[in-house]
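One chain is shown next in structure tokens, namely the form predicted on its own.
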Amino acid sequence: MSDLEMAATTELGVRPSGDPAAGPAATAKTRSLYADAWYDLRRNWIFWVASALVVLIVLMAVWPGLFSSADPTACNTRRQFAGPSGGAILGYDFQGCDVFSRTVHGARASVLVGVFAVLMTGVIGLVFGMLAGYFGGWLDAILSRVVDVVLGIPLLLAAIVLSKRLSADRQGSGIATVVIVLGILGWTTAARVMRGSVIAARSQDYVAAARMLGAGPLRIMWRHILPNALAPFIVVLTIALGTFIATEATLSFLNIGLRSPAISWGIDIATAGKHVRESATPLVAPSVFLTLTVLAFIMLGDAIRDAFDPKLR
């Protein structure tokens, strides 16, 4: 097989069938990188458990009525700390609100913050990483120093300071403020991973072949490098989603994240902690859901990482 044919097959993410290292099975049928990853994921029970939890949390966020028909804001102090009854399977908190209903509806704010923060960090990290990795030189040096400066700032401490400053000028639930804060502070790891992947991909034969055919930098980055550098980037963003949800809950717990009328696990944990001696259920329920959500996204990211890079197992 010629070098140009090798470059073309590599560009498509497929190992040439004539490659001795591919083995006899690959000689009969070749698979792309993503097909190989899916083949491994289907046999990983951690992937299926994490996926089931993620689907459950997303359904709770999008259609909370599927799980609880009660109004989470319909509170009555006469039901303060009342036990389970009717649709309130977890009882009531100190304000007389349905604990289960508030826990279910609390998923929406957390998922919204996590998803939009990941989208923001993904865009910033993609642009910075692609530019630094492809062009190199002085541009790479400047962007890398910017990444180092942001990485040197403790995430939680900076988020607290920035949230206080931004929330003073904004009204509403605070979702937009938390998303902006997490987006500004959380893009550095994604940028570093993308930069490393681009540096590894730009030296491949298919990139050289594209240059020889007259492709410009933007076309090479978009059509040839990005598809082959995207896998580790997706893994980082999946894990970051769980981290952002935990950070949002922490900020809301400290009363500098989401605000009423938003329903958040962090707000409910902070409120229930003051009355834990009277009833522990209002504290335990959102804490368990928060833990499972963060754990699900981290497990999902680890499973995807192992599938795309079996050497990390």
Partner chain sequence: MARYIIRRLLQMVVTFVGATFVVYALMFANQNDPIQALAGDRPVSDNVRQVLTEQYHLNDPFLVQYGYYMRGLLTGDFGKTLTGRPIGDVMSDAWPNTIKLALLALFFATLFGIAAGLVAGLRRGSVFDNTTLALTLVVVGLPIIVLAPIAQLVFGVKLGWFPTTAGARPSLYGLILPALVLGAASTATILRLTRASVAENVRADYVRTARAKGLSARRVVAVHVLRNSMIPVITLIGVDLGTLMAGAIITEGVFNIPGVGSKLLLGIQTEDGPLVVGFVSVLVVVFLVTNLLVDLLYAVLDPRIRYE
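Here the structure is a predicted model, which is why all the values come from computation and not from measurement. Residue numbers count along the first chain shown, from 1.
Omitted here: the form predicted together with its partner chain. The next part is about that form.
Engineer: Considering only heavy atoms, tell me if P154 and its partner chain come within 4.5 Å of each other in the model of the complex.
Structural biologist: Yes - in the model of the complex, heavy atoms of P154 and its partner chain come within 4.5 Å of each other.
Engineer: Report whether the minimum heavy atom distance between R43 and its partner chain in the model of the complex is within 4.5 Å.
Structural biologist: No - in the model of the complex, heavy atoms of R43 and its partner chain never come within 4.5 Å of each other.
Engineer: Is R219 close enough to its partner chain in the model of the complex to count, meaning some heavy atom within 4.5 Å?
Structural biologist: No, R219 stays farther than 4.5 Å from its partner chain in the model of the complex.
Engineer: Can any non-hydrogen atom of A61 be found within 4.5 angstroms of its partner chain in the model of the complex?
Structural biologist: Result no; A61 lies far from its partner chain in the model of the complex.
Engineer: Let me know the one among C75, A201, L162, V236 whose heavy atoms come within 4.5 Å of its partner chain in the model of the complex, would you?
Structural biologist: If I apply the 4.5 Å criterion carefully, the residue I get is L162.
Engineer: Looking in the model of the complex, is its partner chain within 4.5 angstroms of a heavy atom from every one of L112, G183 and R211?
Structural biologist: Result no, not one residue of the spot touches its partner chain.
Engineer: Looking at 66-74, 35-43, 244-252, 53-61, which stretch has residues with any non-hydrogen atom within 4.5 Å of its partner chain in the model of the complex?
Structural biologist: After filtering at 4.5 Å, what remains is 244-252.
Engineer: Going by heavy atoms, what in 252-289 lies within 4.5 angstroms of its partner chain in the model of the complex?
Structural biologist: Going through 252-289 in order - heavy atoms within 4.5 Å of its partner chain in the model of the complex - the hits are F253, L254, G266, I269, V276, R277, A280, L283, V284, S287.
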